[in-house]
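To begin, one chain is listed below as structure tokens, in the form predicted on its own.
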Amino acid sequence: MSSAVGVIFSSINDESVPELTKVRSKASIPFGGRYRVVDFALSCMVNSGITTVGVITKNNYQSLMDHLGSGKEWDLARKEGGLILLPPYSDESEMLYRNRLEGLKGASAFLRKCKEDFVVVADSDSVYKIDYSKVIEQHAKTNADLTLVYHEHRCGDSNSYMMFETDENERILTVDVNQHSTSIKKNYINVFVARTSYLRNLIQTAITRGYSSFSGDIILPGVKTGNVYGYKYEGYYQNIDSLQSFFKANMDLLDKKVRSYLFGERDIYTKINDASPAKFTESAKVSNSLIHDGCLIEGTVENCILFRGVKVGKGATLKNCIIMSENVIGDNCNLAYVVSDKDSSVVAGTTLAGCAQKPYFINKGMHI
């Protein structure tokens, strides 16, 4: 396999999920009871043999730093390479980057030091499991300038970044940017591969000519020259671009087929937190739910995901809820379609209800 380095954006499109990114970057949004969203892109890189990964930071990245640490859980605590946190601005400016291209400009010093042949660039706002080495293999075989990874699905009202059409050889023919569609399309999932030397030159050209848009100034002209290709990813995929999509992605984990795909074979790694096992009292009734370490369940839990240390009181009923770490749900509460951020509590006897399209949200540290 050819050598590759990884670059991950931690805070692109934070504004699309304001409920969850007030106090954290998009990359560090809690997911699935014990993970963070960044774990998927990062684990895929490690499982694909990538041992040097730069994570481009931006706003509210303290929780991301706490989660990633030295990179030990991903086998990235190394003397050479490993996990490297990159600043959100370039050497020439103290301004935070405003888009993808400016973020890559800020990573130019990191890329200049890289000796690897290829670069895999990914956002950290999606749930999927892909073998990047296969993307690199196709990229080298076609001798493409850029290879954009896509997934075929129906967008609906999601914040689609880019859709395109390809020929039988996966060469991209046409591109639609920020267009909504209710039909199944080839949707770019914000993962691309390029030769390291090509990306370095691309960034330098962007700096020299004052380019500001990766899609408008780089991808669209590249499509016209005929050397930008697509790579079809066929596994499970869910972009976290709204509270609704966050809720859906978590609820999908209650499907055994989705869990087996995402967490079977090659692992998704995350920070390890030791805690006592979950405790279920005689009054507890639990069905089709993921209950994690340190939970105390005395009530009824159906179709829910409970993170570490959640307490559910006697007589309480939770249905279709996502309850994050260290929440306390009081006795005789009735919650349905609720997403509760960390360190919150609901007093005894409270009834809260949302729906799958609009879950009821409780802010971090809120007491209701």
Partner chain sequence: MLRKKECVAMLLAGGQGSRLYALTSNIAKPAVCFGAKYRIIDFPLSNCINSGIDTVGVLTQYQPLVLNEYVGNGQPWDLDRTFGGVHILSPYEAKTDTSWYKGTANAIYQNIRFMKMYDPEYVLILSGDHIYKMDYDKMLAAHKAAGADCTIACMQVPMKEASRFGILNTNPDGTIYEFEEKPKQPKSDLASMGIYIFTASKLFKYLELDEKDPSSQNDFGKNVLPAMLNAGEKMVSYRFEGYWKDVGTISSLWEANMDLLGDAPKFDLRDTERVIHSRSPLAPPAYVKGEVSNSLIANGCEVEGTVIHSVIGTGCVIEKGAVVKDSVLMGDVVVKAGASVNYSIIDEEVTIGKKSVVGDVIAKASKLEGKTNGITVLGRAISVGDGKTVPAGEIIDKNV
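Positions refer to the first chain, counted from 1. From a predicted model like this one, the values you see are computed outputs, not experimental measurements.
The discussion below concerns the form predicted in complex with the partner chain, not included here.
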Hey, in the predicted complex, does Asp274 get a heavy atom within 4.5 angstroms of the partner chain?
yes
**Report entry** the partner chain contact in the predicted complex: Thr270, any heavy atom under 4.5 Å
**Finding:** yes
**Asked** Does the partner chain get within 4.5 angstroms of any non-hydrogen atom of Leu86 in the predicted complex?
**Response** no
Would Asp75 show up as a contact with the partner chain in the predicted complex if we use heavy atoms at 4.5 Å? no
Per contact check vs the partner chain in the predicted complex (non-hydrogen atom within 4.5 angstroms), the hit among 199-207, 285-293, 161-169, 138-146 is 285-293
Interface check vs the partner chain in the predicted complex: of Lys342, His67, Arg34, Lys58, the one with a heavy atom inside 4.5 Å is Arg34
Contacts from 233-271 to the partner chain in the predicted complex (any heavy atom within 4.5 Å), listed N to C, are Leu254, Lys256, Arg259, Phe263, Arg266, Ile268, Tyr269, Thr270
